[in-house]
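So this first bit is one chain, no partners, the form predicted on its own, shown in structure tokens.
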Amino acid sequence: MVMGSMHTGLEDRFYNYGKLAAYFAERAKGGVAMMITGGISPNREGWLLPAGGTMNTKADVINHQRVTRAVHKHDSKIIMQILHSGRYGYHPFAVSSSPIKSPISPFKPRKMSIKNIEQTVKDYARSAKLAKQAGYDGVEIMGSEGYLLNQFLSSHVNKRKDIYGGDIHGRMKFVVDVVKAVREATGEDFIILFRLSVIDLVKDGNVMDEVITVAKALEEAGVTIMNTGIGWHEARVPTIVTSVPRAAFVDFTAEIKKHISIPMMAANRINMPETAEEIVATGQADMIQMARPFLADAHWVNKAKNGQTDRINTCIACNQACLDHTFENKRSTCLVNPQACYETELVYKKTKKPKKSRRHRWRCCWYVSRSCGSLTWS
């Protein structure tokens, strides 16, 4: 069981890292084997919002160590997601493969030059190396949901005519270079996940043959685990709302798994143990990633392990306090669990009931007896 990446808003300000550490520690205590942070930018151009969360200086390492130390106390692994927002960035420094404005940001991106691309590859590698120094067990390279690497992979945005455009081999060059640089910078004993968009759900998105080609190249470049990404943020096809059936996209994951030898992780609309178990038991995936269900219940895994499925506080896929808050640049929480991301502020304490006096107990008994039509004591 893996807790997938969710941007909570706590990642973007260093003074919130104590709260972020408590948030992850609670889910580590709950039995999650591995967790992935919200998106952390490798440079300024990759910010999700102005002055967003980064990992590119020694000062960043100190802040992130609060998170990794808190998680490792509970025998869980923590992965830092490196996310470059590309044209989804909500700031004027946004860049992309081509200067095509996205429908979810008011800023038109600048087309990346070859020199800019080469420097960004180095930025990814530096960010991953610093993540290792901060105590992270690995990094996840975000290549789905329509962020920068996905913008290069798909001709929906990539209209380039140079070595980074054209057919799938040109469009994936930047992405493969990033993975190779990260592997070289971090060594062989470091986990590299790649979140691959297995279906784009946008016009001119990649077809399955192209996705398989990318998956094979990424495995060869040094990826440890392949993760599933479904759709772009701008896609008009529902992917995570309540109306989407559970595990609706697992067939795409299963198809990719046939063509690679590294572990494949299933994701999207998996929120109960029975669904997760069936996916693994039938060989459709090797691992299960859930995100919002761990917002709803930090102790999901322990409850499933102990046969207490009926006690799981189930995610209802409403998106009202998680994604809706994220896209409004607010701190995320959960409609069915208001303690999510507020673990240090909304603290539940057990209190002892005050002892009742003998006179009080007698009066209570007397009133009960009187209401029953009897004043006789036994």
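Quantities reported herein were computed from a predicted structural model and do not represent experimental measurements. Residues carry their position along the shown sequence, with the first being 1.
Below: the form predicted together with a small molecule, not depicted.
Student: Which of 320-328, 343-351, 25-33, 54-62 has heavy atoms within 4.5 Å of the small molecule in the model of the complex?
Tutor: Selected stretch: 320-328.
Student: Using the partner position in the model of the complex, report whether residue 332 sits within 4.5 Å of the small molecule, counting heavy atoms only.
Tutor: Because a heavy atom of residue 332 falls inside 4.5 Å of the small molecule in the model of the complex, the answer is yes.
Student: Is residue 293 part of the interface with the small molecule in the model of the complex - any heavy atom within 4.5 Å?
Tutor: Answer yes; at least one heavy atom of residue 293 falls within 4.5 Å of the small molecule in the model of the complex.
Student: Would residue 81 show up as a contact with the small molecule in the model of the complex if we use heavy atoms at 4.5 Å?
Tutor: Heavy-atom contact with the small molecule at 4.5 Å: present for residue 81.
Student: With heavy atoms only and a cut-off of 4.5 Å, decide whether residue 142 touches the small molecule in the model of the complex.
Tutor: Yes, residue 142 is a contact residue.
Student: Since exactly one of 269, 156, 171, 257 fits, which has a heavy atom within 4.5 Å of the small molecule in the model of the complex?
Tutor: None of the other options qualify; the answer is 269.
Student: Just one of 96, 206, 289, 127 has a heavy atom within 4.5 Å of the small molecule in the model of the complex. Which one?
Tutor: Of the candidates 96, 206, 289, 127, 289 is the one lying within 4.5 Å of the small molecule in the model of the complex.
Student: Answer yes or no: in the model of the complex, does the small molecule come within 4.5 Å of a heavy atom in every one of 109, 146 and 235?
Tutor: Spot residues vs the small molecule: no contact at all.
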